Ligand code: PEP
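Below sits a lone chain in structure tokens, taken as the form predicted alone.
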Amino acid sequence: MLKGVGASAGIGIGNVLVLEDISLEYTPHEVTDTAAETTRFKDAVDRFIKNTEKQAKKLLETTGEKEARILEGHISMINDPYMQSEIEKQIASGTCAEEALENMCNMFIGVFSAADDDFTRQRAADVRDVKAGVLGELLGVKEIDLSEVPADTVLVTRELTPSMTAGIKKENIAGIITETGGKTSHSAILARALEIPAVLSVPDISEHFKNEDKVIVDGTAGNIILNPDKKTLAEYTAMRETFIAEKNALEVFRGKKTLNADGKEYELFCNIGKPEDAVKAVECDGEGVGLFRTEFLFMDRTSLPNEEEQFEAYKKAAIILKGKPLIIRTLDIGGDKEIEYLGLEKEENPFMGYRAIRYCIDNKELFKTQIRAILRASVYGDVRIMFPLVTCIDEVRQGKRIVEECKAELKLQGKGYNNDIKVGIMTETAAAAVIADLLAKECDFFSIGTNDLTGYTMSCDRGNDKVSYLYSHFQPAVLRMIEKIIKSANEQGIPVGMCGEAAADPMLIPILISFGLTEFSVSPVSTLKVRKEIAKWTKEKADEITAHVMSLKTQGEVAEYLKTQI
């Protein structure tokens, strides 16, 4: 058995097709006719853009707008004025187009690969894809065509690129195995969008696989079984059928209210990163958006989005939701989310530093631009404002004062907005949890961000292998923080939701029901699963389990006990 990262759930059984890397070798040489070489480069870029636009259109049809935007990002990258001008400068000095392109792309790949956060490191893969695409055009090398592969094919490749995915007929692909990539990589995102089981980060794939090998891909557990015996094949075939049946059974919950076994109703929202993702939220039967991560509007560009750009983005999401709640988190940068053009100074400890609401309050005009855009969009739906990383009352009050200033400015300009717009906070710090009773008197709602709350409470970085064992929402300290936040909100009579990954954890759901959570916000694909899990629990049974959980002393004890109850 081979082990990798389970990046797209399900069981795939089929025959291996090893995708060899296309040779993009060339001989660097000096050019004398630099004008002709520049034209050759520009022509190659034009062909790359036209081809990528076609691929993006295919992805839009087969997977969705979010995935198509990955390829649109590739077009933006090669169109970047700085990148193009630097390449053309090198060509003007006598460097051939291939080498100039490679030099520039490799520089960006090095910068992005050295970053501390997954999101920025992922951009290195984008640059590699762009480099390969333009080099292919310069060298006249055709891309791999996956449109005609036979049924029950398991693709084995170093990396699944968006351009490769555009040609896939998903009904013919049983599974995907790659040598690179993690759960947040484009390979994972695309595999999940296509609903194809995938295991990534399998080392030395060329040594293990050959064409026509029989293989089982367990995208849930991250396991690969090569040339299984009859017994193993039968076991996994049964597991595949069970997985498919369970997935189909979730359809019973589509279009239904989110109710527990007592009939108590909950709000079940989705988390999104772009306005187009609201389409997926609606398609997956979400009852609104509990977290719109606006920082993605500020990334992958060279300057700040202006008020009109932001207004159109928020307005688009509100219109798509047709009156369902849309909670927009104000700009949350710093920590693991860097935006180069803002020129943030390198900090020793960015997670404890100049980020999120702290940065926004200190950069008032940038903040007001976003707030005005959100306020204007509130005319088109149930739009709400949420401040991230709050640690004290002063931050809430300063943020709310800025909202009032923006209302006054819009009123003078004759622009519409919802004067009664709700303003809440992400309770994701230990400080916010400790004073949750005070904060609840200042806010219209709470949303618990368990990812950061767990990290800050346990003083550990989940990306650090040496301390990641501490990172668990089953830690008694974290559970007590969550309990206090929810209790404080309920006592003040304000809604309290959860938008961290923990909101979709079946083992945590009965505890959240017992604590009194009123809203769950999860990834769109988890919506029906969470609705099903909530439906299983009465308050009495949830209270019984929670009483025992809160008497336990360690994360291990909590997790082991809950496994016996779910």
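Residues carry their position along the shown sequence, with the first being 1. What you see is a predicted model; the values in this text were computed from it and never measured.
In what follows, reference is made to the form predicted in complex with phosphoenolpyruvate (PEP), a form of this protein that is not presented.
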{"query": "Exercise: C499 in contact with phosphoenolpyruvate (PEP) in the model of the complex, heavy atom 4.5 Å", "finding": "yes"}
{"query": "Contact of A377 with phosphoenolpyruvate (PEP) in the model of the complex (heavy atom, 4.5 Å)", "finding": "no"}
{"query": "Any non-hydrogen atom of R329 within 4.5 angstroms of phosphoenolpyruvate (PEP) in the model of the complex", "finding": "yes"}
{"query": "is_contact(D452, phosphoenolpyruvate (PEP)) in the model of the complex, heavy atom dist at most 4.5 Å", "finding": "yes"}
{"query": "Proximity to phosphoenolpyruvate (PEP) in the model of the complex, single hit among R293, K280, K368, K131 (heavy atom within 4.5 Å)", "finding": "R293"}
{"query": "Heavy atom within 4.5 Å of phosphoenolpyruvate (PEP) in the model of the complex - residue from C360, M426, I91, L321", "finding": "M426"}
{"query": "Which of 530-538, 23-31, 499-507, 44-52 lines the interface with phosphoenolpyruvate (PEP) in the model of the complex (heavy atom within 4.5 Å)", "finding": "499-507"}
